[in-house]
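Below sits a lone chain in structure tokens, taken as the form predicted on its own.
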């Protein structure tokens, strides 16, 4: 690290004070257990804290990234330079119009469960969904025929200039497992979201939630995983193609392609991002060679952000 960078990091660490940890391993925070150290790490518990940390990093020209639950994100083995903020602001509030207002760091499954308990439908499909609300919006997460785009009515975002903006659902340009914020627009941050729900019979919602939970447990493997590695191609399933290509049980760098569901890559205990990426390449090359079908990652693969 050159002198100028050392001074930038030291100045930001001093400004952030007790909130910040230096050279903090990210793997313990990641659902798949992979990730090298962040030069600076803040676990932010409020929306104002998120904004303040980003503003300080901008003023000192330190690169930064914001993450939520780290359940759909593959972090690099070498870690991340600059500031990493884990958005853990998690307030949830229901109003009289059957809307739920949620800070982006709240768990998506928690919001879905509380909605079901109140007899409100619209998010029941998400009762077992890992990850945060912010990540779910960025990825237009979905399951069992439902998706974020079906119930989101408003969101608040922080733009690259540090301005807080209220945006409508159309602004996100939602498509299958996609929004305009996925990947290319990492300098935008979701602060909170509002979902429109509908009153439904509480017992029927509870029964449906239990059904979805049982189906997840039956079809998805346990262990440290990022969930579905690839998007399903039109008219087919990524898991079926990977299985048909004979890749169940393939291993690399501490990861294995699950014998239960071939679209899930499992950390066997000492997995590395390099190993995960090798399996991604293996699956893509084998499937396209055998079936002519390209597989597009559903997970976000995080790369280093260099200093300017």
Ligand SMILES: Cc1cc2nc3c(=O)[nH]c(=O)nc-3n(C[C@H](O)[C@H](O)[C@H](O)COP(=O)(O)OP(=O)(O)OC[C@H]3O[C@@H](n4cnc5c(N)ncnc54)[C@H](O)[C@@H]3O)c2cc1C
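Keep in mind that what you see is a predicted model, and the values were worked out from it rather than measured. Numbering follows the first chain given and starts at 1.
The following text describes the form predicted in complex with this ligand, which does not appear among the structures shown.
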| query | finding |
| --- | --- |
| Per-stretch contact check against this ligand in the predicted bound form, the hit in 93-101, 202-210, 141-149, 230-238 (non-hydrogen atom, 4.5 angstroms) | 141-149 |
| is_contact(residue 226, this ligand) in the predicted bound form, heavy atom dist at most 4.5 Å | yes |
| This ligand contact at residue 264 in the predicted bound form, heavy atom, 4.5 Å | yes |
| 4.5 Å heavy atom contact, residue 82 and this ligand in the predicted bound form | no |
| Non-hydrogen atom contact residue 66 with this ligand in the predicted bound form at 4.5 angstroms | yes |
| Selected contact from 120, 111, 73, 193, since only one has a non-hydrogen atom within 4.5 angstroms of this ligand in the predicted bound form | 73 |
| Residues from 112-146 in contact with this ligand (non-hydrogen atom within 4.5 Å) in the predicted bound form | 129, 130, 131, 132, 134, 135, 136, 138, 139, 141, 142, 143 |
